[in-house]
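Have a look below at one chain only, the form predicted on its own, in structure tokens format.
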Amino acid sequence: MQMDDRKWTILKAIIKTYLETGEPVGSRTISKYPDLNLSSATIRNEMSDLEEMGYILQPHTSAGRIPSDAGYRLYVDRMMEEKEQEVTEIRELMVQRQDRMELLLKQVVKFLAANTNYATMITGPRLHHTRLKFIQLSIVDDSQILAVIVTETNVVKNRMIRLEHGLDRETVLKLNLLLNTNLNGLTIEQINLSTISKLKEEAGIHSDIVSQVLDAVAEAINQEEDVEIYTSGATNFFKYPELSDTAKASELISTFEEKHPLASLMLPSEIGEDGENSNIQVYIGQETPLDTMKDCSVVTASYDMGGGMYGRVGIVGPKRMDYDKVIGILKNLTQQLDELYKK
């Protein structure tokens, strides 16, 4: 006698029900499982076969069945195989990297939502410590010039600078050369007082222009780009009575659909040089930055793809969420992302 799909489904239903209730499980209870469209008589026959195969026991006459040691062993072994397959599938998906990044991120949040029963979100990877790419000063008219600042992430900042005195093209060319020679490739942290003083000194009577350009550079580098956020599992809010009130659930789901408000939860944080810190951040109730989530808990973590590329992943659920499980899943996931993208 072989373990076919129907017998396996019935055995899983018996084991899961027994784990929940601690009571022998009857055919009538099993017949209510949505995965089974079988009569109680058919289920009783299959349970008899499972008993003959040694996977379930009948503790006494007229009682339901309970799993045997062999039944537990088969269940655990198959469960481990299924989990390994899930990990393998998501690893294979991750290996495809940037050319399928959007698909990967959608699969990650879907995987998280299915395995936690909470709502999930992840940002696309971004650069931190953004560097200046170049500066271009152009004459608009006698009273103003246009400063165009471009960062390595291709954020563009335009700044109109008013002039007390007109500039000729040769002077503008020299200012462009001065600024680009001294600033290109620097982060905002590297543009220190010494660098600024040197630039102003070399600019002479045009030091005010340098000051205004530096202000625009700071704005461009610090400018928050539109963060792409992928979400999944918003309907999981309905699984928790404290969040399933129509108005409350509607606000939560709207927040997930709009996505933009979620950016305040997914702000970047520094990743330690030792690579050990996954930057777990936990917001509980009133600590949550979003008013719509004051009855929720939010757990986020950073993933680091190397080369300054990083992102953030988060899980949102009720305040009674399983913190131990959620933090464990996030640590494992971010570690996998880190390892795969740094290879």
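Given the structure is predicted, the values throughout are model-derived calculations rather than measurements. The first residue of the sequence shown is number 1, and the count goes up from there.
The form predicted together with the DNA exists for this protein as well; it is not shown, and the discussion that follows is about that form.
Can you work out which of 68, 292, 281, 58 has a heavy atom no more than 4.5 Å from the DNA in the predicted complex? Answer to the contact question: 58.
Interface membership of residue 288, the DNA in the predicted complex, 4.5 Å heavy atom rule: No, residue 288 is distant from the partner.
Please run the contact check for residue 7 against the DNA in the predicted complex: heavy atoms, 4.5 angstroms, yes or no? Output for residue 7 is no: heavy atoms all beyond 4.5 Å of the DNA.
Although the DNA is absent from this view, report whether residue 299 comes within 4.5 Å of it in the predicted complex, heavy atoms only. Residue 299: no, not in contact with the DNA in the predicted complex.
Would residue 38 count as touching the DNA in the predicted complex under a 4.5 Å heavy atom rule? Although the DNA is absent here, residue 38 would touch it in the predicted complex, with heavy atoms inside 4.5 Å.
Taking the DNA in the predicted complex, would 106, 109 and 124 all count as contacting it (heavy atom within 4.5 Å)? No, the candidate spot makes no contact with the DNA.
Taking the DNA in the predicted complex, which residues along 9-23 bring a heavy atom to within 4.5 Å of it? Residues within 4.5 Å: none.
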